[in-house]
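First come two forms of one protein chain, each written alone as structure tokens, so that there is a structure 1 and a structure 2.
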Structure 1
């Protein structure tokens, strides 16, 4: 019996560890801080390296660069063909800037000095034209590139449009779904809810082929769709993309169903007694109460929509593409110029990262709220 209770000596014995616990807590804090700092550095490094590499010419890429490289200026003895092949020099722009007739043929083995001599140009002018050529080659080439009458900015705009409408409609439709399902009291509500939950276990690769087939059948009903480059074709493709984005997910349904179920039913009843319709109730009373779940859905879906690649890659014609398929095809074209590739990849990342950093507190809050639902 006596062993069951702590003897006075034993109580004394337990004291030192209590003090030790304090020391351990400090130790833990230091340990945790070190790990957090190391992990943060490792996590941020790829972003930084990507940025730096967008300024490193392919020629110098086998050296370690942790800061903007000190790149030599273009030598006047550089062959023009080299500049065109490895640095994607825009010959047309070069000729216009130098006052060389556009029809003039410049042999690729000609050096810059030869060109200056031939067309009676000032060497200093050429040097000025090529100032920073190597350093900014990636960015210049990226922003100048036009593939299938498609530029970086157009692709970015299209991405913004698709993302905006997808988010807006997805929120509206998901709230409506959540309101219709709220409570999950009836069998039909439960069935619908369970069907939405299936989304989580249906891999995208399983349905992408038949889904595309389905859209092809629908498109074939409209002869206008088969006119290449028509506005009808392009808008139909973008609508397909938006429909795929707004179709509702397990997460969106869970978030709003549980949020709306948590709002007291009395609120709806009193609104009804005051003569509000269900739509009025939804718009004027429910909507303002749903700020947290809306933020939650936005911060989870925004990166997903902005970074969508497979569906736009499959559904959109190249002249109609969003940002990532554009980057992918541009990258394919410049497969030897790594500077352009990394500039393109970095450029595709920047808009969202800026948004993220500006609204970071919403992201943290929303993700944690969403994860609890999940």
Structure 2
């Protein structure tokens, strides 16, 4: 039996097998999958962390929780004042549930066990009332109690109203402005266009005071506005907020002026020859051609209008505020219920996510409309 040995020269010339095309494709697919998984986890983790934080009590708000904390019962030695301050305990609802007269005064230093003894209550009934209070206090306070004389649902409704009309009117007026400035062939067009662009370098803090004084002067022309809590006062404040949002901005002017300038003028001339009016041209021809800039503006402006804080905080009365000022009302001077704030922030994000999931095909269609010519 003969044994063959490779010479040093043959061993040196031997190369490892080369990975084939199929192996490289599998490797690339695995690498892409890992990257997408990591990217998805990094993207979704803030939403997950925010959701978990909505169940973390204020006293543990400085700790990092990656899962729901362990359920703890509310001690009967808790003082009423601490429950009211740190957990936004609704004393009226507590009295009704426990059968305590609404006119009864409960000192803030009294403990739950003292209240039970004073009003002949069963300790088990009190513990049952506070069942789940440790984990779900933020959500219960947000949805069931009234903060600042209003509820979460009313604030959310006002936010939807302001956002919808701000977007709708902003798009219409921006298209009209872009149509008037398209081409920038005259000096007056360039002057108006530059005035719009000038807004990019003017901080909002410089104009918010004179702007507020201007609206107050307009409000004072109507005596009904001075009636606190009146429907006219609340409506006027919301209209003022919408007017602030739809005023000409540099971004919308640039988008629609550029888009309309790229549409051939012959198209408008042909429509006019065929007997179309200018309104018909705008509604039936120009608007459908502006799907891409409209979607672009909606994607940019929707979160800005929905998450608006400064203007609603300045112009709206607390009982008439939108979502973010309503959530901010949970911040106290000496204590803050962070559980309510985290729950409110997470709840405010959910409608935007749902809106995107429902209309995602329209967003993609609008964005892709200008990607392929022909």
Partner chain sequence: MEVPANLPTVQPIKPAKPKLSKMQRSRIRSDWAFIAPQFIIFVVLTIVPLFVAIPILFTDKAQFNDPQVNPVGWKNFTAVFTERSVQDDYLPALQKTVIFVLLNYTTIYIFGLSLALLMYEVGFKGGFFTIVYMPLMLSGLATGYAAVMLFAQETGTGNLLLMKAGIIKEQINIYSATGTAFILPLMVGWRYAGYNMAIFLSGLLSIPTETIEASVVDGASYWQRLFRIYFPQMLPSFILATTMCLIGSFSVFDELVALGATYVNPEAKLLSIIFFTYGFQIDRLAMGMTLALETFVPLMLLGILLQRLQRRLQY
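The term rigid core refers to the most C-alpha atoms you can superpose between the two forms while keeping them within 1.5 Å. Positions refer to the first chain, counted from 1. Small disclaimer: the values here were computed from a predicted structure and weren't measured.
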property: Index of the chain form predicted together with the partner chain, chosen from the pair; result: 1
property: Cα displacement of residue 310 between structures 1 and 2 reaching 2 Å, rigid core superposed; result: no
property: After fitting the core, residue 217 CA displacement of 2 Å or more between structures 1 and 2; result: no
property: Rigid core fit then residue 132 CA moved by 2 Å or more between structures 1 and 2; result: yes
property: For residue 123, CA displacement between structures 1 and 2 after the core is overlaid, in Å; result: 7.0
